[in-house]
Each structure stands twice: as structure tokens, then as C-alpha cells.
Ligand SMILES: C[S@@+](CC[C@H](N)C(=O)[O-])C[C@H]1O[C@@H](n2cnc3c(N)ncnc32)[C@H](O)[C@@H]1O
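Here we start with a single chain on its own, the form predicted alone, put down as C-alpha cells.
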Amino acid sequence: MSNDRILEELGVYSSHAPRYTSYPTAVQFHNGIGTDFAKSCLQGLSIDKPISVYAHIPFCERLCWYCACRTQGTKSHKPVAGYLKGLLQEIEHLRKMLPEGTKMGRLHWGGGTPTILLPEEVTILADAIKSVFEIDDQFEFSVEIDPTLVDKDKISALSSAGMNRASIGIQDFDTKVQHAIGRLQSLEQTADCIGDVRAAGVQSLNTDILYGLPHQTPESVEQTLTQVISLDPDRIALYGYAHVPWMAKRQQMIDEAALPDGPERRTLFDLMAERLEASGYDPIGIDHFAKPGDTLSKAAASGRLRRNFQGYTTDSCDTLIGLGASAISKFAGGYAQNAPRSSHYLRMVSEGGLATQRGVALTETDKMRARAIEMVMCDFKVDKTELEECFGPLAQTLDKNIDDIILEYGKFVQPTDTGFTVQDKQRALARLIAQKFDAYSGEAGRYSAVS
């Protein structure tokens, strides 16, 4: 039986599953978690460990049809300026709650389009965030950049603010594909942006590309990869397009008849992955690639790779504080998400408090299952010895999950004395295997296609 037929029988082409950037996933968040929970978590932080900070800028001058992020379009800068005022208010509330001496190890700006901010606004926001924390020696500051909405002055402001890692959105360079997803962006624009980023002293560069888009063919993605590789990024994220028009209404603009089916998606991914590996990039997890000397490659090789809302990361901070509308904070006790609508978020912070609207508290079982899922997604294995060191006898409750996985996935899963290893790092199966540890997976929720 062919490998393709086996994957089909195992449900790769027909199944939907979480991407597991958190566990429990956001489907389990509820309104029983509010500002009191977030305030208690903030006040209880230890100053012994650095934390991560994420700032969400939800505005875009164009709304790309493929995007399922929490964003809103604007043709005027006035809403952006008003939103920045709200962010500064939230930061001041945060200052009053954090233990003095709290360190920041990572800072990430996402969106939306963070580079919609004016140069002076970049400086104001960065200074405000950094004024709340002590800066850790290993501090990293990364920003998502739209090459069509940035210039040298903005890049200079970001560099002066401490940005040392840039993430450049590309998706696809084929013009037919670009028209089909509402995102026009030339190779020349992208190359100029990358040149400006590097000239500003920011040498660590990530690019995002997508497979599974309308009208993509083996020939078209091969050409896009040739162009992406010519830009010489340090890391490449090769995400599968998640077609979820019931969640992201703008995706209804995309012609579903032009989308590749499950086997076609897998063919595109395999072709692109092989090309990247042949070009010297190490495969990282299910969908990332990095140069051998990059810290992401080093983390994967040493078992220190982690997974969070930004995907695969070297970020070892236990706490993430999310700023802005819809931003999610992760604490030892659970997840807390801000109000998703910017108008609601702004009203809550202007009234003198935090903007937490929902979330979920974590049990020890949740934390254990989260770590098992992360092992699968990052290392393609589960080691019960580590789980027992962290969670004691509770780890024994996973024995049935492990036995079921070994039985169901046959030759793809090799039993070990302490768990199992996914043979040949079968990326196509990782989300399905991880889902076997998900105690909530049978509950309501619609996820993206596994393929």
C-alpha cells in the first residue's frame, strides 16, 4: 500500500485538528475568567524568571482574504492613534500590578500590521513597554512586517527601539495566487524591505509562506521558493492555509473550487519541504525550517524547542503577557484573553482596569497533557520519564493514550521504554497524534484541515 493511501486511511486528508499553539485550545476559553483572575496572576509573578510580552496591533490598510487573524481595516490613521492611547493605558495598569523588578525576556509585536504605526509611535510604544520591566540579558524583540506598509524611517525606529528579529510576510509570489487571496506584493518590494531591515542592523530574519492556496501548482510553488530562497532568510515558516470561512468571513471571497484538495495540499507541502531541505534548511517541527546555525535549529537539536502562539520558538519563558485587543496571556494558572473588539477593549482600559474577557484555568492534568502534546509537536516523541519527573504518578494516566497511539498508528510509531517515537518525524501525523492526548477534542469546535 502506498504511503499516500495509508495517510488517507489514517484520516490525514479528511480530519481537522487544532494546531496546538496552546492547550487547552481557545475553543475552551469561557467568560468565567475575567480581570480578577488576570490581576491575581500578575501580582503573583516571581521576579526570578523573565516573562514574554506580546503586543497586538489589529489594524491593516488592506484586509487579505486568506487571513483569519483578529484584524480590522482602516483608511485613516485616527483609529490607530486612538488604539495606541488605549495600549498605553493598559501598560500603566500593568505597571501597578506587576512585582517590582519583573524582567522581560521576549517582546513580540503582531497583528494586523504593526508597521502601520508611525515612526514616533513605534518609539512611544516600545519605550512605554520597556519602562515597566527590567530587560533580561538575552532579550529578543521581534516584529511582524508587511513589506508594502513600511519604509526606512519605520525600520530605523524599530531598530532603535531594540528590534533584533524581523518576520516578513510573503505567502506567495505568484501573481495569480496573490489576486486570488487579495494580497499583491512584488519580489522587488520584499527584497527592498529586507535590504532596509538588514542595513538597519537587524540580521535575524524570518519569512512566512503558505501552501494550500487557490491556484497553487507544483510549478508555481517551486518558483516562489526559488525567489524566497534568494532572499536568504534565516528561518522560513511554511504554514498550511486554514480555510475557515465560518470564522473568518473575508475568506468567503476566496474561490473554494480553486483550492487544492487534501492529497494535493500534501503534495505541495512535501515538494516545498524537500526543496528547502535540499537548499540547506533544517526541518523544525511540522512546518518550520531554519539554517543550521540559527538558534531555532540549535533548540530543536538539543530538545529545547517550544511551541506557543507564534508557532515554534526558542522562548523558554513560562509567562506571556498579552497587550491589546484579543491578546492572550499565559500564566501558570491559566490563559486570559482580552476583549476581541477594539472598541470594547478601549472602553475597558479607559475605565481603569484590565481588559480580560475570557480564558481558562489550568488543572495539573491540563498542564501534563499540554506538555505531552508539545513533545509530539516539537520532538515527535513522548517521554514519560520527563512527565513523571514533573507530574509524578499523574503521568500514569496517559498510559492508555500512549497504548492507543501505538496501536492505531502502527509502523509510524515506535514504542520505547518510556513512551514512543514517531518514525521518520511524520509531520503529516503529528497533529492527529497530539490530538489523542487532548481531553477536550470531542467537544464543540471546528479546526483547520490536518493536511
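Predicted model, so just to flag it, every value in this text is computed and none were measured. Quick note: we count residues from 1 along the sequence shown, nothing fancier.
Another form, the form predicted in complex with this ligand, is not on view; read the next lines as being about it.
Among residues of the shown chain, Asp146 is one whose heavy atoms approach this ligand to within 4.5 Å in the model of the complex. Of the heavy atoms in Ser204, none are within 4.5 Å of this ligand in the model of the complex. Gln227 falls outside the set of residues with a heavy atom inside 4.5 Å of this ligand in the model of the complex. In the model of the complex, this ligand sits within 4.5 Å of a heavy atom of Gln251.
In plain terms, the part of the chain that comes close to this ligand in the model of the complex, with a heavy atom within 4.5 Å, is 68-76 out of 68-76, 98-106, 288-296, 372-380. For the residues Ala327, Leu210, Val360, Ala126, the 4.5 Å heavy atom test against this ligand in the model of the complex is passed only by Leu210.
The contact residue chosen from Lys154, Arg307, Arg183, Arg235 relative to this ligand in the model of the complex is Arg183, the criterion being a non-hydrogen atom within 4.5 angstroms. For the partner-free chain shown, Tyr239, Gly240, Tyr241, Ala242, Gln251 of 236-271 come within 4.5 angstroms of this ligand in the model of the complex, judged by any non-hydrogen atom.
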